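What follows is one chain in structure tokens, specifically the form predicted alone.
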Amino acid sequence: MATPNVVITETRTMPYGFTCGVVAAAGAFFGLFVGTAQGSGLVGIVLGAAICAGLAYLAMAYLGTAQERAFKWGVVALFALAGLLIGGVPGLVVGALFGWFLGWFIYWVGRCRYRMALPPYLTGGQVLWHYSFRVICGAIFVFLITPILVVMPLSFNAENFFTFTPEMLSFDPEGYSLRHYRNFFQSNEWQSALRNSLIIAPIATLLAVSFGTLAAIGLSQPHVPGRQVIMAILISPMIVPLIISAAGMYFFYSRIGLQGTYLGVILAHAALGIPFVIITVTATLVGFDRSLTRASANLGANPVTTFFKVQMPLILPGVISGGLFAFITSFDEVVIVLFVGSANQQTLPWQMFTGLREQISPTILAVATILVGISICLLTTVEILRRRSEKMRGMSPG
């Protein structure tokens, strides 16, 4: 086992100018947001840079590592108090968090701790890129996750607003309510949409898993002619824009009488889910030992018995993963159902789209929070199954 917290490069005190400059930049960035919220971004930048640079000089020049813990707690208290005076309870929380980060960041930079886990031969540019890459990835993650984090607390808003009320910002219990969740479970329109989604998505998933698994097993055979072309055709619904697929399905289904029917929507969603099943099952079959199927045949088992008794247990994690992806795709899809379905097949995403376009209701936020929770649970299951599959195939040591 690898020893945690291995120190490869010894720490040292960096020049004060370097430490103060880097910390001042971080303070200016934070001050930009605080100053903008108070009406002057420039003042926020200047004050943030000056205060943080001063604290960095105090820590490195006078206190050192002997007073590190006391300094960090003092910075947390200082910024928590400042946040309380500026923004109340929310400001106190944000200020305390930034104070904790700043106290850690000052010593991380000033004592050269950022090099502790890095090889000593790395140049300054390589060290900069090492951390810049992580900052960029973190910024992208924050950019993607922020809308979800905003929607969740808004779904508990006691008022019919899509913004944070003063009561919510002050953490007043009067500002929070489950009224939008009650509206979702008591509304006939929302419950009808939920019922349609719970009918269409599981059946579409079952079809996608059945056809996708069979296609993946067939295309994994080396003797199948043109399997690369067939694979490209089968996974094309993932590549072709949904609006094009939806328009094509609309004209085709209209001619054969499937437009505006449950069967049409189910088949359309199954077509969208099949590529996910094919990809996950094909990836699982990469490590499959084909001598097992030959041994089963030599012992007298027919192909069906061999599939269910020998092959299926080994590829089951991939099948379930593909099925979960197919279910999420069907449950969250709105473009196809707008073209192929009718008012009788109005699904949950369709009802959300209608609510945004025709009547702005915060109930949409409650529904979105529920869907996010379902998606998180399903994706967590997929990850657990992926790790289990790797262990079964001997690809993971853990």
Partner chain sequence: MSDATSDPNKIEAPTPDDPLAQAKALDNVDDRGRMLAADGTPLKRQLAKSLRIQKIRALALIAPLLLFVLLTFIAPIADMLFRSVENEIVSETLPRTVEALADWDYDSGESPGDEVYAALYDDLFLAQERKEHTRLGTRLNYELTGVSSLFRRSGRGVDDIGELYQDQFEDLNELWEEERTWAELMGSDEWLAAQEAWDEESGEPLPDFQLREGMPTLLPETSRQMLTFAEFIRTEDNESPLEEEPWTRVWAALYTDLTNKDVSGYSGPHTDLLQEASAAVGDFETTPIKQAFLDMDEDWGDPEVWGTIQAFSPDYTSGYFLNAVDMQKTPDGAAMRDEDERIYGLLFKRTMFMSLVITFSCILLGYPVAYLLATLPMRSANLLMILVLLPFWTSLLVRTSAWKVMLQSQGVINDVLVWLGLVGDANRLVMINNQFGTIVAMTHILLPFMILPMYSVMSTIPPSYVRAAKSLGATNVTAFRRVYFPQSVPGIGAGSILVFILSIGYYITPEIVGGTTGTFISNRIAYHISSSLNWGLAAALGTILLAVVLILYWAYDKIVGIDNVKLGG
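Between two forms, the rigid core is defined as the largest C-alpha subset superposing within 1.5 Å. Note that the structure is predicted; figures quoted are calculated from it, not measured. Residue numbers count along the first chain shown, from 1.
One more form of this protein should be noted, the form predicted together with the partner chain, which is absent from this view; the next part is about it.
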Open item on the list: My question is simply whether residue 93 lines the interface with the partner chain in the predicted complex - judged by any non-hydrogen atom within 4.5 Å.
Closed with: no
TODO: Verify the contact flag for residue 372: yes if a non-hydrogen atom of it lies within 4.5 Å of a non-hydrogen atom of the partner chain in the predicted complex, no if not.
DONE: yes
Open item on the list: Is residue 48 part of the interface with the partner chain in the predicted complex - any heavy atom within 4.5 Å?
Closed with: no
Task: Heavy atom of residue 313 within 4.5 Å of the partner chain in the predicted complex - done: no
Open item on the list: To test your reading of this chain, name the stretch in 193-201, 72-80, 100-108, 322-330 whose heavy atoms come within 4.5 Å of the partner chain in the predicted complex.
Closed with: 322-330
TODO: Tell me, out of 170, 291, 132, 221, which residue has a non-hydrogen atom within 4.5 angstroms of the partner chain in the predicted complex.
DONE: 221
Task: in the predicted complex, the one of 61, 42, 66, 356 near the partner chain [non-hydrogen atom within 4.5 angstroms] - done: 356
- [ ] Just give me the residues of 256-271, first to last, that have a heavy atom within 4.5 Å of the partner chain in the predicted complex.
- [x] 267, 270, 271
TODO: Take the rigid core as the frame of reference and indicate whether the C-alpha of residue 313 shifts by 2 Å or more between the shown form and the other one.
DONE: no
Task: residue 275 C-alpha relocation of at least 2 Å between the shown form and the other one, rigid core basis - done: no
Open item on the list: For a quick test of reading the superposition: does residue 31 move by 2 Å or more at the CA between the shown form and the other one, rigid core aligned?
Closed with: yes
